[in-house]
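As structure tokens, one chain now follows by itself in the form predicted on its own.
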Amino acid sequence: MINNNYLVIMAGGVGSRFWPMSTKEKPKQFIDITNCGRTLIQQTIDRFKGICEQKNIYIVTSKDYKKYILAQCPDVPENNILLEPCMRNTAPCIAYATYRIAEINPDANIIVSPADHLVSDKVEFQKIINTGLNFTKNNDSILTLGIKPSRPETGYGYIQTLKNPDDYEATEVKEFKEKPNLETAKQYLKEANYLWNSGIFIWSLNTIKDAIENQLPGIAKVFEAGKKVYNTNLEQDFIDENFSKCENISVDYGILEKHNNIHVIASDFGWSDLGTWGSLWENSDKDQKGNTKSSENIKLIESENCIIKLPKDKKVLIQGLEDVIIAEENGVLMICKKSEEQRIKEFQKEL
């Protein structure tokens, strides 16, 4: 049955909140952001080994990033790199991959994953994924993975379930919740039927294709028109000409919030979306004073809870700083308070 398992990796984001390390020219999914020797997209592919074959992995990305995928993911067939000519959010991205796979295997069971998330417990992750694949193989339901919350997080959306979820069981979703304020997040944490929305989905091809046709008919029409050219040398020309006709909408707004058959599996596999410098600090090894640094050439004195990401060959001494981000890349040095990292886009424009 492994031949029916497909993986779609969404790798078109620009990672602007990780500037200056992540840029539009080379965003965070193509960077070894955790200093483990593997970029985030390589780590994503690694954690699915044994679940689906390399020939069943599809990567949807910008035309500008194809060179990075060819260099970093050599085992993924070049024909499986789907190139978006412009950004149109996650619903068109998923629809493109869905209609492409439909022409190859109508019995496909599909996992959709972002390229830039972190998972620390690969064994538990694979156990959850296999549980989900078995569920969607036998049920006409959209399945998402919800993360058991460990803190009152205001940076994630939440999933409310109809009943308290049991481990390794798909539980019916009641409602998707926007990112809450702190008081609301604290209330969610007290209740057992709220989970973080991981943005990882599992569904059969027929389930997601029907959902696209019913809830996003305009997008379905765009990709249905390309059936005859998929997997031919005419495909890219068709996509270049028609992709921009798609509505700019996320799969959350376009499908999940309208669908009447959605389940979630409560999960705990060391997940982070690595959306901010703060989340990288939280998921990195730290010294006794809470500092995390990118190389042994960085010397810290009387400094606490800092994150330092600098070129490995640069010798640096830092004294007397607390709760600060220091990052240098692409000829830019940024020093800012961790508490002010939400202003990084503003800082970038200033420079």
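Basically, rigid core = biggest C-alpha set you can superpose within 1.5 Å across the two forms. The numbering used is simple: start at 1 and walk along the sequence shown. None of the values given here were measured: they were computed from a predicted structure.
Missing here is the form predicted together with another copy of the chain; even so, the following discussion is about that form.
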All of 63, 99 and 225 with a heavy atom within 4.5 Å of another copy of the chain in the model of the complex: no
Please tell me whether any heavy atom belonging to residue 319 falls inside 4.5 Å of a heavy atom of another copy of the chain, as the geometry stands in the model of the complex. yes
Quick check on residue 14: any heavy atom within 4.5 Å of another copy of the chain in the model of the complex? no
May I ask you to state whether residue 18 is within 4.5 Å of another copy of the chain in the model of the complex, using heavy atom distances? no
Examine residue 31 and determine whether its closest non-hydrogen atom to another copy of the chain in the model of the complex is within 4.5 angstroms. no
Since exactly one of 297, 42, 283, 54 fits, which has a heavy atom within 4.5 Å of another copy of the chain in the model of the complex? 297
Okay, which stretch from 22-30, 64-72, 285-293, 302-310 lines another copy of the chain in the model of the complex, with non-hydrogen atoms inside 4.5 Å? 302-310
Those residues of 318-337 with a non-hydrogen atom no more than 4.5 Å from another copy of the chain in the model of the complex are 318, 319, 320, 321, 324, 326, 328, 331, 332, 333, 334, 335, 336, 337
Can a Cα shift of no less than 2 Å be assigned to residue 303 between the shown form and the other one, given superposition on the rigid core? yes
